[in-house]
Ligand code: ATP
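Take a look at this single chain in structure tokens; it is the form predicted alone.
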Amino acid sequence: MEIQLPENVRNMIRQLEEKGYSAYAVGGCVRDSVMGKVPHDWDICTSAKPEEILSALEKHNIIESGLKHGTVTVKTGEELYEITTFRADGEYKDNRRPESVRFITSLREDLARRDFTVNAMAYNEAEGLCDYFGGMEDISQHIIRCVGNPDQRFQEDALRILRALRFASRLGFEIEEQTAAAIRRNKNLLRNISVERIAAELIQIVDGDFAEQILLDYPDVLGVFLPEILPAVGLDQRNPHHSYDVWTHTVYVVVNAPHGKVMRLAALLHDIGKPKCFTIDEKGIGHFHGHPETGAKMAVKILRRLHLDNHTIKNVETLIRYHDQRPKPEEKYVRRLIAKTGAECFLPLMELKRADTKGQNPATIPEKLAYVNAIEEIYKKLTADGNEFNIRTLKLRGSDLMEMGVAQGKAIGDLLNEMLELVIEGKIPNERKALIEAVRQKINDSPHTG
């Protein structure tokens, strides 16, 4: 098989070979190339030791930060290329990184230490594809399989557990039986992995094109670091609006939500509060009163625990808090919801509501989708001229109120909210002159000065 190497990669391999070393493109770039995908990154492995790499590529812009582990980074323009010496890993004590590495001259031995067969292939133009562990066969069969003993691979680096789920979710591959069994046997080793690493893998898992089967099959693995999802697994909702248990419904919402970190995390956690809020009425019907508010609070704690950024947390919280709101399809009610969510989250909220609907009782889907569409049309009409409906965009400031004699503190906030409500209901326009006049009338009727 022939792979089209980028010119920079071809040149670096050639320069290493001219000095008497062997060198190959390796790992994910080879996997993607044979699958007909465009690689995001190109990595090179070589028999040259780190100092020999530096000498052979001395004309390049080299970053030496990974020399101790045998890795040199070459920067060409905006592109970064990692070049790593063939190595064998020493003992793993923390289930993440080897205590030491030993530089070797065998490509096969270097590939043998890698995680999955599809990532354990190398290529150069002189030798072609080097595939010692059946990577091409597993690609053709759409299989994720560990190189060698899967228990050993996961005990060396527990993050590989989530990498297996991520590759399956993004490539649409099935996890091979022995590898899957080893994932479950070793899942608790994920407790030894940093939350930042876990969060990065989780986001890619839920954002995969083929996330459905992985989420349905491995909630126990995700539950190691997201224990809040486990009560949802198998929880019968006992409600005519729902055909699936809470976790299955959640999975369908995830895969029907648009791609993106905020949307997919909001979908994953939108019903996280349901188990805590579950009640059954005298007719045997299940209810989850208050679950959006409960879920929003739980989601904030979860995402903070995973060290997500504040902007993501805020937007996910907003989407979960209001995902069950059903305003009447009239302008003033839609304006009120816009004021609560803000313009940034309103259309994403409509997308979440669509995804939520698609995970419910199929008989109710058309009517509910039509409702969401109607709400969105009203929103587009209301915001066609760039209007938003919240305190930030109100054409009135607290300083205006203080100039009118309103005391600092709660009175100012109360008046601003009253004026916003009048604007939302369409009783006065969002214009400074009209707002000030309304405040004067309010002061005259019920003084706020002090």
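Counting begins at 1, following the sequence as shown. Only a predicted model underlies this, so the values are computations on that prediction, with no experimental measurement involved.
As for the form predicted together with the named molecule, it is not shown, yet the points below apply to it.
For the options 155, 76, 119, 256, the one in contact with the named molecule in the predicted bound form, meaning a heavy atom within 4.5 Å, is 119. With the partner omitted here, the residue from 145, 323, 114, 291 that has a non-hydrogen atom within 4.5 angstroms of the named molecule in the predicted bound form is 114. Partner contacts here mean any heavy atom within 4.5 Å of the named molecule in the predicted bound form, and among 395 to 403, 59 to 67, 39 to 47, 421 to 429 they occur only in 39 to 47. Heavy atoms of residue 346 never reach within 4.5 Å of the named molecule in the predicted bound form, leaving it off the interface.
The shortest heavy atom separation between residue 270 and the named molecule in the predicted bound form exceeds 4.5 Å. When the named molecule is considered in the predicted bound form, residue 52 lies well away from it, no heavy atom lying within 4.5 Å. Although the partner is absent here, residue 167 sits close enough that one of its heavy atoms falls within 4.5 Å of the named molecule in the predicted bound form. With contact defined as any non-hydrogen atom lying within 4.5 angstroms of the named molecule in the predicted bound form, the contacting residues in 24 to 58 are 27, 28, 31, 32, 40, 41, 43, given in sequence order.
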